[in-house]
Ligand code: MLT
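We begin with a single chain expressed as structure tokens, specifically the form predicted alone.
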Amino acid sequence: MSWIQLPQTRLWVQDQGRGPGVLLVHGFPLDHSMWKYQQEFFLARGYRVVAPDLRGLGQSPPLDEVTTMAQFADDLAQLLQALEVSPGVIYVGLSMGGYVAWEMVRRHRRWLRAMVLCDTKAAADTPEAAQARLQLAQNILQHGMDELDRTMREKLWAGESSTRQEEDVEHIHQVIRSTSPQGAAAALRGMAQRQDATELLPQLELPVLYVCGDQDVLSTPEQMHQMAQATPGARWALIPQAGHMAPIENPQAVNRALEEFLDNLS
């Protein structure tokens, strides 16, 4: 791990391996460590794996009252340039990492060779959902991250994950509790104002794999399957015994889907 200084911020980044680039982009309010099983998978296949903590999350410091998905995407493009990664990376994002992916398509398309979008959405928040995020941002600034941790524990996981993947589940919740309230609030405000990306789906001109846990209540299989159907040539993987955190809950199934996807990249 190392600090990488960018024009407007600095990011805590794990950069491992040599070969074609893979960029792993975590969800909210997590850090790079959620990808440990996928890091092992890509490194074993000869890829260079870049896994940052996004601005204000993990070890990367918060700077703003609002961090937009466009700012996250700009940070990532600058990070790839600073690390001298060749354009044409495989972008892998979960949940909020998927929201950032849409801004990478809009703003930094040249960096992308293919995308893997896990447990995420293309649609913007409804007015009610956006207001709930803004209220949550205010709550965690006043009361800290413990309440958010309790709320997310009920929503992130399939029922059996808490016993089958107990150590991983507890690690994730330690990450959540350790997250900067300022950084989390800024990201919540940014998610509340993100653009709808559904119009991008039929225009995507790169290989895309959609991955969803079969018990995900936040980004449902029905929603994600519709996204896959709207994307030309997209591949679809429904992950059994998994909720919103499919890459952790059933890494073997997720990595099998990744392997098949990589084998079919032109």
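As the structure is a computational prediction, the values presented were derived from the model and not from experiment. Sequential numbering from 1, following the sequence displayed.
Heads up, the form predicted in complex with the named molecule isn't pictured, but that's what we're talking about next.
Heavy atoms within 4.5 Å of the named molecule in the model of the complex are found in one stretch of 170-178, 92-100, 79-87, 109-117, which is 92-100. The shortest heavy atom separation between M191 and the named molecule in the model of the complex is within 4.5 Å. In the model of the complex, the named molecule sits beyond 4.5 Å of every heavy atom of Y47. Using a 4.5 angstroms limit between non-hydrogen atoms, L43 is distant from the named molecule in the model of the complex. The closest heavy atom approach of L218 to the named molecule in the model of the complex falls within 4.5 Å. Along 24-38, residues G27, F28 each place a heavy atom within 4.5 Å of the named molecule in the model of the complex.
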